[in-house]
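Only one chain is given next, in structure tokens, and it is the form predicted alone.
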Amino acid sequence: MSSPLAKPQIIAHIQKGLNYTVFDNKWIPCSAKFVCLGNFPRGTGVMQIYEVQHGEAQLIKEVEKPKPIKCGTFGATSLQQRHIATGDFEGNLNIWNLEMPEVPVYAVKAHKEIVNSIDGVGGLGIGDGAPEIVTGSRDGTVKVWDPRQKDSPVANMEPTEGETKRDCWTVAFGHAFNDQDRCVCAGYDNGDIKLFDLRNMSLRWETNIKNGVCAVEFDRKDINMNKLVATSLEGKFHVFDMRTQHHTKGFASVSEKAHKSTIWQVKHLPQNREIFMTAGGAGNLHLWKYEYPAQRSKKDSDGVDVGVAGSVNLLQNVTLSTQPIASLDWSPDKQGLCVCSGFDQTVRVLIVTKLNMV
């Protein structure tokens, strides 16, 4: 039976207008609350906490900060503490206790310019090893921080002497499946994607997708690298099969042109790694499912393993706004619950149905 209602539906459950530009939103783990980060028209930063109650988003707390806040993550905190790490327009990395968000519990001047992207691993029971935070900045550097170590990063990936500095737009952790292994993927404004191996402190792989890379995400952070999705400026996204790396061809990939405009975000469903959502510059969301090929690798003419890419199927799409949807976050606790926000200064709580059926 293939009726339209048999497919997942994307339902806008709650819409809330805001009086500031919102750049990022995140569910607080183990709760029905989410955080919105952004900047007021007067040039200051804002952090708001909302709780979903009786079909409405109730504002619980609002804190104003000196600098606009660009991005945030709970990825390096414990489930007990649930501290959020944020990057701001001045290049500061701060960690906040949301119970007492007046003063950060950790603060460092991470970059010379705006922190565009942040990710965490080793917290929330996701990923083995130490809790770490990675930041990517307009100054061209990608830095890894341990919240237990003040002032200096544990790793700093910067352009070598003579190399031009590229604006780093997005960073993501992956491959954290034991105490030693861990990778960081970074996407840049010129289309470069770089995979840094933190165990060997080396550049493991790089490619160029010919368009500014807006978002990268591994399907899971805490497993042997499986898939990586990268989205770009002109409505194209690429899915790389990360299981088989060929010494010259790299990783196999499949690309799809879905949106007519920039794909700002990609997020994998926490309960099913084959399903992911992309958020576009025309205010639309696309829900995808990745299908593996019959065989994920084959031998090339020299008998060396080379990866085989699968295919992506569009499950559903919806237009929510006329403005770009710049941030998107699935609830880690409730399958199908999602929060997204855009440049129309609106935050939306969505329900995606029938995800257990696809």
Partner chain sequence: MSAHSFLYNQSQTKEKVPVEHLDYVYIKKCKDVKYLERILKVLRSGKEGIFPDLITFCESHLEKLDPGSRALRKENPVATPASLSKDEWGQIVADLKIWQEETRKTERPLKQQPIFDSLVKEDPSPIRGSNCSVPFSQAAGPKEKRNCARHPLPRDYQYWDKYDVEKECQRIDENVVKTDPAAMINSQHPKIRTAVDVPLISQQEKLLLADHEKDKGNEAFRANDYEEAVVYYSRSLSIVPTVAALNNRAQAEIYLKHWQNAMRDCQEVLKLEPGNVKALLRRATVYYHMDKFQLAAEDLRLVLREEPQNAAATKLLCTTEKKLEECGAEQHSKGKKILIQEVEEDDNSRPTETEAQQNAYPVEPSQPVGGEESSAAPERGDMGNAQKKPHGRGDGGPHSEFNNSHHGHWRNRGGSSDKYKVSQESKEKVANGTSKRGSTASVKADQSSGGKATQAGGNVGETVNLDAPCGALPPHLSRLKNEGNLLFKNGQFADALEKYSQAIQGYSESGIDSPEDLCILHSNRAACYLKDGNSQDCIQDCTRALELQPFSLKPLLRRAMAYESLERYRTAYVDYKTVLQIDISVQAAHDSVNRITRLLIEQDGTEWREKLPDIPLVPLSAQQHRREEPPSAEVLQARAEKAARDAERKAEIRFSALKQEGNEFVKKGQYQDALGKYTECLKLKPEECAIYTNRALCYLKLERFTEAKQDCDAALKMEPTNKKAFYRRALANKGLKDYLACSSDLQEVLQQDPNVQEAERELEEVTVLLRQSLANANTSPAKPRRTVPITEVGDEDTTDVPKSENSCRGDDIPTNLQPTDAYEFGQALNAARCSGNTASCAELLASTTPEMLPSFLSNQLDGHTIGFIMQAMDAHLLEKNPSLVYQHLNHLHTADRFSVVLMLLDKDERRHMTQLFEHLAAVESSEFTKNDVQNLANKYI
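Treat the numbers as computed from the prediction; the structure is a model and nothing was measured. Positions refer to the first chain, counted from 1.
Although it is not shown, the form predicted together with its partner chain is what the next lines describe.
Undergrad: Could you tell me if Asn208 has a non-hydrogen atom within 4.5 Å of its partner chain in the model of the complex?
TA: Because no heavy atom of Asn208 falls inside 4.5 Å of its partner chain in the model of the complex, the answer is no.
Undergrad: Might Val154 be said to contact its partner chain in the model of the complex, defining contact as any heavy atom within 4.5 Å?
TA: Yes, Val154 lies within 4.5 Å of its partner chain in the model of the complex.
Undergrad: Can any non-hydrogen atom of Glu163 be found within 4.5 angstroms of its partner chain in the model of the complex?
TA: Residue-level check for Glu163: yes, a contact with its partner chain.
Undergrad: Any chance Arg182 has a heavy atom within 4.5 Å of its partner chain in the model of the complex?
TA: Result yes; Arg182 sits at the interface with its partner chain in the model of the complex.
Undergrad: Among the candidate residues Thr44, Ser311, Gln323, Thr319, which is the single one with a non-hydrogen atom no more than 4.5 Å from its partner chain in the model of the complex?
TA: Among Thr44, Ser311, Gln323, Thr319, a heavy atom within 4.5 Å of its partner chain in the model of the complex occurs only for Thr319.
Undergrad: I need the one stretch from 67-75, 112-120, 217-225, 86-94 whose residues put non-hydrogen atoms within 4.5 angstroms of its partner chain in the model of the complex.
TA: Comparing against its partner chain in the model of the complex, the contact stretch is 217-225.
Undergrad: Taking heavy atoms and a 4.5 Å limit, what residues of 50-71 are near its partner chain in the model of the complex?
TA: Glu51, Val52, Gln53, His54 sit within 4.5 Å of the partner.
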